[in-house]
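In structure tokens, one chain follows: the form predicted on its own.
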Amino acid sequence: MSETRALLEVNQLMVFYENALAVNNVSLQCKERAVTGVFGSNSAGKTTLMYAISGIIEYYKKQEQMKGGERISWFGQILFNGEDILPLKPSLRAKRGIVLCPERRRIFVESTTLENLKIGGYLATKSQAKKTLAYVLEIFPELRRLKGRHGGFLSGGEQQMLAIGRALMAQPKLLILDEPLLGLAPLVEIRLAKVIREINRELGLTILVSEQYARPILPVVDFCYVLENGSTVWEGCEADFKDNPDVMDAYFGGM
């Protein structure tokens, strides 16, 4: 992976909620056409990091300002294809190909499966949307028979498949998956982890995935970072982690 260029570079990123430091001087890279993992416990800063990269943090900042809540601020550098995107709005980042599949799915529960997928394709041309829809229904055949069912009546695993499919419809160059295995049965975790690798290989898609527990996702990632209290405390490939028993016990279940 060392010879592959970095599609995404985060340099010394800091995010504050009022005076609380949520992301502390984090730097990471996502190599082109690779799967990069970010692991850490609850409140480690994973979701804030994903929001900062995708730009969604700006939306939450405005929400807080409107209701007189906590002030959110951030500093540092985020390079995508060599361009500093930190000043860009979320919509402009999405147009450049940075697409977030958020934690807890966030699908439209009152819309059907097919409507959710079509909503996701708002940035796609008709030919792209048609081709991607066919691909999504191929990798998630369950969604084919559920096309007319409302999102709120899908199981957790089906909703996660729909959320990933909807994100793919947006034609990402960088697909960000924030805790895609949260709350799912072990067999579904294994299935989705394999699909993540399939998407990466078949589409040549760069993927950044965060998880609290690394065991299900570790076999499909090329490089990993571990966050604690907003800071990077470890980084490396699978072999590097397996050589560190403390890290393995904390995040990988003593694999």
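All residue numbers are counted from 1 along the displayed sequence. Fair warning: this is a prediction, and the values are worked out from it, not measured in the lab.
From this point on, the text means the form predicted together with adenosine-5'-triphosphate (ATP), which you will not see here.
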Does adenosine-5'-triphosphate (ATP) come within 4.5 Å of a heavy atom in each of Ser91, Arg96 and Glu115 in the predicted complex? no
Using 4.5 Å between non-hydrogen atoms, is Tyr60 touching adenosine-5'-triphosphate (ATP) in the predicted complex? yes
Can you work out whether Tyr17 and adenosine-5'-triphosphate (ATP) are in contact in the predicted complex, taking contact to mean some heavy atom pair no more than 4.5 Å apart? yes
Tell me, yes or no, whether Glu198 is in contact with adenosine-5'-triphosphate (ATP) in the predicted complex, where a contact means a heavy atom of each within 4.5 Å. no
Taking the shortest heavy atom distance, is Ser43 within 4.5 Å of adenosine-5'-triphosphate (ATP) in the predicted complex? yes
Name the stretch: of 44 to 52, 29 to 37, 201 to 209, 217 to 225, exactly one has residues whose heavy atoms fall within 4.5 Å of adenosine-5'-triphosphate (ATP) in the predicted complex. 44 to 52
Could you list which residues of 84 to 105 come within 4.5 Å of adenosine-5'-triphosphate (ATP) in the predicted complex, counting heavy atoms only? Glu103
